[in-house]
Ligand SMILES: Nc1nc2c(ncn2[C@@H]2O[C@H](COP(=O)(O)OP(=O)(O)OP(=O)(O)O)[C@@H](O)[C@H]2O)c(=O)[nH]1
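For reference, the chain that follows is the form predicted on its own, supplied as C-alpha cells.
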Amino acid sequence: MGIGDIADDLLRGLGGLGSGLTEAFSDPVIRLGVTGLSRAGKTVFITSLVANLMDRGRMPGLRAAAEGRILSAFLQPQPDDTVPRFDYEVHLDELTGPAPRWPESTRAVSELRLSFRLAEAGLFGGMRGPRTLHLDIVDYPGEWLLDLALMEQDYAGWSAEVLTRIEPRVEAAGYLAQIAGLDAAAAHDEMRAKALAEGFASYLGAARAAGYSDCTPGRFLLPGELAGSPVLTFAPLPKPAEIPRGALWREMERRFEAYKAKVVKPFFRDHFAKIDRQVVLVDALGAIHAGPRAVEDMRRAMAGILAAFRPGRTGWLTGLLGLRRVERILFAATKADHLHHLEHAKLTRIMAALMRDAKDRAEFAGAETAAMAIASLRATVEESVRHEGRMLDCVRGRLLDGGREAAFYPGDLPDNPAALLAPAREGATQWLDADYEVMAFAPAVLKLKPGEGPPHIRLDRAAEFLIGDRL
C-alpha cells in the first residue's frame, strides 16, 4: 500500500467527515508541521517562533504584527488529548535563562496551540469586531518523515537500494562485514535477527553523526516504546536465489511490511496527513562541512520527502471532508548566524538549489514554496578581524565546548551553487578548492526588554510566508 492508497482510505473514512464539518463552522485552524533532519533545530525554531509571536517586538517582517492587527496571542490546551504537549515553557527557560543551553532534540510527535485575537483589516474591519485564529504547531522527527518513502517500496527493493548506497561508506564497514557470507535462505534464528538489527541500527547512528540524511527506518534511531520489538528487528540483506519457507529472509520481509503497516501508516494517518503548512528545517552548513556526499545525500532525501507531501491548494469540499493538502512549504537553512550577513544570500541560493527537485514537484501540484536562510535564535554577533593583511568578516559567539568567547571565519560560500552541487552529484569525496568549517556555538546570555522575543534572523519573514495570509 502506497501513500496514495492511504490518502484514499482517509477520503473513505467517516471520521474525517465529522471533524471537517465541525471545523468548518468553528474558529479557523492552521496546522503547521515543523520537521527537519537531526541537528536542524526544530525545538529551537518552535520555541523562538512562539515566543516572538507572543512578544512581537522583533517581528517587523510579519505584516499583521507591524500593522498592529494582532491584538493578543496566547497559549491554549491543544485539541488532541492523546498527543504530548510541546514543552514550550521548559525550552524557553533553557534558551533564555541565566545559563542558557540548547534543548534536547525532538524524539517524538508533540503539539502546541497558539491562539490569536485579530483585528480585521480594511476600511470596514472595525465594524466586524475581532476574530480568533488557532495555530496548531506539530513537531515531529524528520527521520519519521523520511520513512514515508518506504511505503512505495518492498523489502527486496529497499534492501538492494540500501546496500548499494552504503557500500562505499566507512560507517557501514561493520554491518557489511556482519552480512558478508550470510545465508539469508537459512532458517530464521531470533538471536541472529536481533544481532543484525542492532548492527544496522549502529550503522544508522554513525551515518547520522557523519552528516548523512538517509537514515531510515527512522524508528531505529528513535525507537521509544518499540525498542526491542519484532517490528524493529529487521535489516537489509542480499536476496538469495532460493527462499524456502521459514527462511531468515522471509521473516525480515514480514517485519519490514509490519513496520510499514503498524508504524509508518499510523503516523501518516494520525499526524502528517492533517498538515496545512509545513516548514522543513535543513542544516545545510553541516552537510557542506561534511562533504560532497553528504550534500548529495541531503538533496536526494529532501526530494524524497516531497513525495510524501500531498501539496496543493485545499478546496472547500476537500476541507469539509477533513482532507488537507500542504498549501505552503518553507525550506529553511538554519544556523544563518554562523555566517556573516554578507554570506546569507549565497546560503539562500544554495538552499534553493538543493531543494530544486522538491520545489518543482510541489509547485507543479499547486503549493507555494520558498527557500530562506534563518537563525531561530541568534547566538552570535558580527565583527571584522584583520588577518594576514586583509579584513575578514567573522562572527563571534560563546563556544559550546568550554564556553569561551571566540571569533570565527567560516570561509566564503560560492556565488554559484553549482560549485557545490556538481561535485556532489558526481560523487566527489571532498571539495577540491575550499574547506568549509563549522563552529558549534552555545546560546548567548540574553537581556530581553518587555515585549521582545529572543533575537533571530528572518524568523518574522518565515512566519509571514507560512501564516501571514491568514492573520
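One-based numbering along the sequence shown. Everything numeric here is computed off the predicted structure, so don't read it as measured data.
A second form of this protein, the form predicted in complex with this ligand, is not displayed here; the remarks below concern that form.
Visitor: This ligand isn't shown here, but in the predicted bound form, which of 332-340, 171-179, 197-205, 347-355 has heavy atoms within 4.5 Å of it?
Guide: Of the options, only 332-340 has residues within 4.5 Å of the partner.
Visitor: Consider residue 44 of the chain shown here, and say whether it contacts this ligand in the predicted bound form, taking contact as heavy atoms within 4.5 Å.
Guide: Although this ligand is absent here, residue 44 would touch it in the predicted bound form, with heavy atoms inside 4.5 Å.
Visitor: Please determine whether residue 278 contacts this ligand in the predicted bound form, using a 4.5 Å cut-off between heavy atoms.
Guide: So residue 278 does not count as contacting this ligand.
Visitor: Would residue 102 count as touching this ligand in the predicted bound form under a 4.5 Å heavy atom rule?
Guide: Heavy-atom contact with this ligand at 4.5 Å: present for residue 102.
Visitor: Considering only heavy atoms, tell me if residue 287 and this ligand come within 4.5 Å of each other in the predicted bound form.
Guide: The answer is no: residue 287 has no heavy atom within 4.5 Å of this ligand.
Visitor: Counting any non-hydrogen atom inside 4.5 Å, which residue from 62, 40, 420, 49 sits next to this ligand in the predicted bound form?
Guide: Exactly one residue meets the criterion: 40.
Visitor: Between 377, 135, 145, 298, only one gets a heavy atom within 4.5 angstroms of this ligand in the predicted bound form; which residue is that?
Guide: If I apply the 4.5 Å criterion carefully, the residue I get is 377.
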